[in-house]
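Okay, so here's just one chain, in structure tokens, the form predicted alone.
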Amino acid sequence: MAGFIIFLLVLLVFVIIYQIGKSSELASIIRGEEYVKLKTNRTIASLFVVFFILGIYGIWKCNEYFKGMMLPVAACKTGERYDSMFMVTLAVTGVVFFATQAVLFWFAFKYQSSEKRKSSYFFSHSNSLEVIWTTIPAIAMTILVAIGLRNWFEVTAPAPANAMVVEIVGKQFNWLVRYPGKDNELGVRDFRKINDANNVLGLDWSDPHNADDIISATGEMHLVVNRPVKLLIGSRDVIHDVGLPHFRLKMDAVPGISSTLSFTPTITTAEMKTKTGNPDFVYEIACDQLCGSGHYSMRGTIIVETQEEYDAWMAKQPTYYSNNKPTEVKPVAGNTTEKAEPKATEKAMIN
């Protein structure tokens, strides 16, 4: 019954709209179509101006309302330059947008059809105008692209010699983070050796550099403030994307391809908690590429700390090799391999 009543109400609305249309048509015949047309033109032209003013006011209010939702200050020098580039781009495009829209709506009002203006002025083309409105945007776009390329080359350029190296690998659906050990060099990986039970990154145990590598499967990355970092980015399965919004950086993680990002954190996590007034603040690692049904849960965090805090944290971390104790081979110097020595508990079980 309720559905039938709703159907009747919808039908009634359509009937009313139809009757209003018929009434307007009859009124235009009685008053004269030309009179109604001119009056309608004046109304629409005035509404154009009103809509423009309300639209600009709405943009301003939205900016005020959402200002608190913007990201906090950039946490690296590269991020500061990206913010500067964004503001320049916003200023240039904002001025062009406001100017073109103001002219558009003003022309609709000023050159409306009236008793004095029965036809429009025919203007085919102007070489001078075409040169102006082609050259100026081209120069502006070239400058903006040049600024963008400068920033891009900076984050993809070779990292400084004193940069710490951290590898981050995406997998469905979490991040794996690997640090070099005391030898300060990451060991060789082989995707054919990947085993979720005890070798999540496919470390080649015949490479001695893998013996002291540290792997975090929790998605938490530790970095040192004011020290350059080189991120080695990869993927174990599908295309992911390392998104670092607080550092204004992102880079695809592509299977079979190792890409890099370089930057220098300038604000510790503790300092950012004070700046934002949020005691639970963390730097986020987001996956900015749809990577499957669990994409929503693929989130990591970054802890930016002092060198002393980082060293203290690193000293507590066990090597991935010692945690997993692969029994087939163990890393040794050179290119040879040997059987790993069984643990005491394993010897007892054998005996």
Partner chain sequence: MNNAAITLDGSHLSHPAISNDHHAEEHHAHEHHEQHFVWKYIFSQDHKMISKQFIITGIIWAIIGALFSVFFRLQLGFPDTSFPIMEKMLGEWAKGGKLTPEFYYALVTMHGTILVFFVLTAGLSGTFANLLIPLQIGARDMASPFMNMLSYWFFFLSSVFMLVSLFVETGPASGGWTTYPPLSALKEASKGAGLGMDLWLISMALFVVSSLLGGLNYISTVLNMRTKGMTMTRMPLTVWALLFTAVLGVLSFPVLFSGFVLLIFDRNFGTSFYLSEIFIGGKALSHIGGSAILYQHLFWFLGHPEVYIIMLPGMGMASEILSINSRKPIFGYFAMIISLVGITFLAFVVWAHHMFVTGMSPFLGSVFVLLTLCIAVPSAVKVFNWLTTLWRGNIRYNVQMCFAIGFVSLFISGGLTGIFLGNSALDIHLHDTYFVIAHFHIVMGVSGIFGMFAGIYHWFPKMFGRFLNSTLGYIHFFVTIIGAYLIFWPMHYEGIAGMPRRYYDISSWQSFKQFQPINGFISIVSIIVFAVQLLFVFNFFFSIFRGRKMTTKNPWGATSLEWTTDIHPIHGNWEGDIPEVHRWPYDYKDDGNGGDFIPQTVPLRPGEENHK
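Only a predicted model underlies this, so the values are computations on that prediction, with no experimental measurement involved. Residue numbers count along the first chain shown, from 1.
Keep in mind the form predicted together with the partner chain is missing from the figure; the text below concerns it.
- Only one segment in the set 205-213, 180-188, 219-227, 149-157 has any non-hydrogen atom within 4.5 angstroms of the partner chain in the predicted complex, and it is 149-157.
- For Ile44, a non-hydrogen atom is located within 4.5 Å of the partner chain in the predicted complex, even though that partner is not displayed.
- The partner chain is not shown here, but in the predicted complex it comes within 4.5 Å of a heavy atom of Asn278.
- Contact annotation for Met85: at least one heavy atom lies within 4.5 Å of the partner chain in the predicted complex.
- Not displayed here, the partner chain is kept clear of Ala315 by more than 4.5 Å at the level of heavy atoms in the predicted complex.
- The putative spot formed by Asn63, Asp241 and Gln289 is fully lined by the partner chain in the predicted complex; each residue has a non-hydrogen atom within 4.5 angstroms of it.
- Val254 is the sole member of Leu176, Val254, Val165, Ala270 with a non-hydrogen atom within 4.5 Å of the partner chain in the predicted complex.
- Along 205-231, a non-hydrogen atom within 4.5 Å of the partner chain in the predicted complex is carried by no residue at all.
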